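The chain below stands alone and is given as structure tokens, in the form predicted alone.
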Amino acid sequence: MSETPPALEIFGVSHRYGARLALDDVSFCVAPGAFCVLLGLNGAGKSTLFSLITRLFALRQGTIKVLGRDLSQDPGAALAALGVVFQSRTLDLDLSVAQNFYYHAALHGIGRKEAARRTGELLAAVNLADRAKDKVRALSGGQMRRVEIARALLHHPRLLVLDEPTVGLDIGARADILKLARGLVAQEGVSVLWATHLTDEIDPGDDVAVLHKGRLRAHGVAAELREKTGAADMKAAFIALIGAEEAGGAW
């Protein structure tokens, strides 16, 4: 029996913007059914890595595989297994919630009948079934995020990547989005890569990849990283891993 491949495998990935090195030989894996946090300050390279994973940027150095599918050699199969929530909103504000789902379904070759069924299921799962006919602009920021996560699951991806999904949300909405993402891991077995600069979004059992100035500084279970650095909490561990001067005025 063949071993299940990692949900996401990143090996030797580097990326430049002209002379500036944005990612420097980054390597780590997201295990099947894991909640993995990509932790880094603004400018660490998180969004660049997401742009490579989602093929917004061409991968020039290194390898990225989604469930064993090489993103460069077999992009169709790799992207079919991937659901994405970008930091910037990607919903059409002037369409209804359901219309946003139907457009996304068409891009994935999902027929209207199946799209309608999945839309109903997913909106119910995020407690927004009663908002299907409402225009997106009528929703709150937290509701829009829940819609984006539900829409990203429309084509049954096994890996969900979210780039700073709680930015701009209040405490209650942040908690709702985190609960939703963690529920997908626990109940559906979906693997999640959650990019953030907020250490309070990390649980002790989470897998954490610390990215700083384009380089991977540490990778391991949050509780083990705290123990390794002798820190009282994840914020202190993060500061220890990147250096107090580097953390500076980040908080």
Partner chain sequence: MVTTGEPAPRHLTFGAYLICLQGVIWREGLRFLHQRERFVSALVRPLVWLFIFAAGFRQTLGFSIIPPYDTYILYEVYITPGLMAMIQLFNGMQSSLSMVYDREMGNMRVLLLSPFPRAFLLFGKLIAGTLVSVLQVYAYLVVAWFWDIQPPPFGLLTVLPALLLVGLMLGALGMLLSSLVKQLENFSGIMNFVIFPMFFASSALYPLWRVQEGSPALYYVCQANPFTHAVELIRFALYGQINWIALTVTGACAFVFMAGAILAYDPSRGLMALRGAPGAGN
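Positions refer to the first chain, counted from 1. The shown structure was predicted, so the numbers you read here are calculated from the model rather than taken from an experiment.
Below, we turn to the form predicted together with the partner chain, even though it does not appear here.
Fill in: Thr90: touches the partner chain in the model of the complex, heavy atom cutoff 4.5 angstroms
Result yes; Thr90 sits at the interface with the partner chain in the model of the complex.
Worksheet entry | in the model of the complex, Arg174 touching the partner chain (heavy atom, 4.5 Å) | No, Arg174 is distant from the partner.
Worksheet entry | is_contact(His197, the partner chain) in the model of the complex, heavy atom dist at most 4.5 Å | No.
Discussion item. Considering non-hydrogen atoms and a 4.5 Å limit, does the partner chain approach Asp130 in the model of the complex?
Written reply: Contact with the partner chain, no.
Discussion item. Can you tell me which of 220 to 228, 31 to 39, 207 to 215, 49 to 57 lies within 4.5 Å of the partner chain in the model of the complex, counting heavy atoms only?
Written reply: Looking at the other structure, the answer is 49 to 57.
Worksheet item: Going by heavy atoms, what in 58 to 78 lies within 4.5 angstroms of the partner chain in the model of the complex?
Response: The stretch 58 to 78, when checked against the partner chain in the model of the complex, contributes Ala58, Arg60, Leu67, Arg69, Asp74, Gly76, Ala77 at the 4.5 Å heavy-atom cut-off.
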